[in-house]
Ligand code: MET
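Only one chain is included here, represented as structure tokens and corresponding to the form predicted on its own.
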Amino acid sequence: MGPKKGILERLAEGVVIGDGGFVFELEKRGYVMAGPWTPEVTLEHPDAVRELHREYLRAGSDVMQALTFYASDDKLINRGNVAGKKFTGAAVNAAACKIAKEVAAEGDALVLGGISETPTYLSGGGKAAVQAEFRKQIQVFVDHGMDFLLCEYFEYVEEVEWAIEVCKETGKPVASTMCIGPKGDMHGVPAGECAVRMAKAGADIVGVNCHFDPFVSLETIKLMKAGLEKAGLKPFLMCQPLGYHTPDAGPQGFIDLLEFPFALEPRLCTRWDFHKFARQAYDLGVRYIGGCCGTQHHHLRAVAEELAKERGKTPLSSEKHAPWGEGLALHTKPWVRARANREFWENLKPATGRPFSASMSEPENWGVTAGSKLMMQHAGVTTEAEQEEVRRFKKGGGKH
């Protein structure tokens, strides 16, 4: 066998399926702390990370994304996070790269290292300070032979431009996604302009990840695609949305929802939602399709099964999953056997089973962005005085 095809070659030939959510899934399993969401689990419980990678590989993922989300040194010590006292960012990132490469070798998967927004930027740190944080992570990715790099989960286009610049210094292909919706970044830069600026900064692949559900995310992709076409730019498009429904979310997506982060399960997408998403994304021209928080094995398998004809293969885990519930024809109960068909599952309107549950939430859109006093970050534990200031702000309606 010859060398593996690179990410850009694969995208030029067809669809690449990304992986699913890590920090949310590992938080539920007791390995990640909600709040800081940092990935020291790569050192503390590497087997948990390894098994999740393996699940996604079986589901059809073509890329093993090293669990390096929020693994910058400034994030590991932010607001009293003890992870930075136990481990360095370099150690966390190195462990993540080794695990991803190990599992990728079990299939034909590529590996990538990713960087995300930093507390340094939110606190008003300048370009040099922010890029210094990025360079520390990226050097680890280069040392461990990651196939390409990803700038993901950025709320501000300025910061992601700085991130792309540093990634381009390596000569590796660069993907870039922002966690924004159709209204654009947190300072009001339109989604189409964000895409153009990412592409002009040097990103080979641009799009969105996290914060919004598959269908809201595709609305953002439409705006990005229009902006890129108007500018005469042709990067590949990428979409890795939440596994939760967020039609009622505010500018910051599911973070604005009252259910974030511990009561989102009633919003979970079905596998059939992801069949629909995969088809719509493909028809829109998106060629890198994956998932973020809340996206699980069965969601990715749905993407792989929906696009099996285009990809010329089905995922390994489809061995135990007949298309469109056809395996239910083996069920003992006749009324369950009657559900063994595509028409039933495509037209189902799932119930929540919660008699007094509202269909929509009331998002807490405080309008607090980088530059606000409330967004200033620091290494010390959040003080009671700071918490009281937050409570006063909320009591006042969450407005400046």
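Keep in mind that this is a model prediction, so the values were computed, not measured. All residue numbers are counted from 1 along the displayed sequence.
FYI, the form predicted together with ligand MET isn't displayed, but the following is about it.
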- prompt: Heavy atoms within 4.5 Å of ligand MET in the predicted complex: does A71 have any?
  reply: no
- prompt: Is E152 close enough to touch ligand MET in the predicted complex, meaning at least one heavy atom pair within 4.5 Å?
  reply: yes
- prompt: Would T118 count as a contact of ligand MET in the predicted complex, using a 4.5 angstroms cut-off between non-hydrogen atoms?
  reply: no
4.5 Å heavy atom contact, L67 and ligand MET in the predicted complex: yes
query: From the list S176, N209, T246, N93, which entry has a heavy atom within 4.5 Å of ligand MET in the predicted complex?
result: N209
Which of 164 to 172, 198 to 206, 292 to 300, 135 to 143 lines the interface with ligand MET in the predicted complex (heavy atom within 4.5 Å): 292 to 300
